[in-house]
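Single chain ahead, written as structure tokens, the form predicted alone.
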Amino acid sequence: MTYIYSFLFVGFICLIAQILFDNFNLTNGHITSIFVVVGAILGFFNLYDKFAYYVGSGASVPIMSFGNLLYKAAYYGYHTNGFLGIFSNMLTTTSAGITAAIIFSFICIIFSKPKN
């Protein structure tokens, strides 16, 4: 049943993104930024963890998870190191994903030919 919930959760997020893209004058970057902020807001109200509990690993796939992780790391950094901990700890939970995105993008560039 977890597979179905994960599929429906991610599909619902994609549906919202497609509705935003079709009905408003937003680019892909705008929509991505909106979802990161929504994920951070859901993390602030402790709702994203509830989604992750019911949905399973499907909640860690969308870009909203990135916003939630940024919020959690900044919150933890604030409690351990004060105000400067917000900035010094923010990317600790997401650094592996960012590094993987950079490396895989580089590998894709090696094997692809740009169009003129």
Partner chain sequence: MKDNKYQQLVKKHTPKEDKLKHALIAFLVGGSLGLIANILVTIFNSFGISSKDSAIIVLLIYIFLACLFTSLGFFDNLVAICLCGLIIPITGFAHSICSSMLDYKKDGLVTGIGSNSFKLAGSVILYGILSAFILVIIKVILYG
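Source: prediction; values computed, not measured. Numbering follows the first chain given and starts at 1.
Separately, the form predicted together with its partner chain exists; it is not shown, and the next lines address it.
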With heavy atoms only and a cut-off of 4.5 Å, decide whether F66 touches its partner chain in the predicted bound form. yes
L47 within 4.5 Å of its partner chain in the predicted bound form, heavy atoms: no
Examine S88 and determine whether its closest non-hydrogen atom to its partner chain in the predicted bound form is within 4.5 angstroms. no
Report whether the minimum heavy atom distance between T32 and its partner chain in the predicted bound form is within 4.5 Å. yes
When its partner chain is considered in the predicted bound form, the residues of 23-59 having a heavy atom within 4.5 Å of it are N23, N28, G29, I31, T32, S33, F35, V36, V37, A40, I41, F44, V55, G56, S57, G58
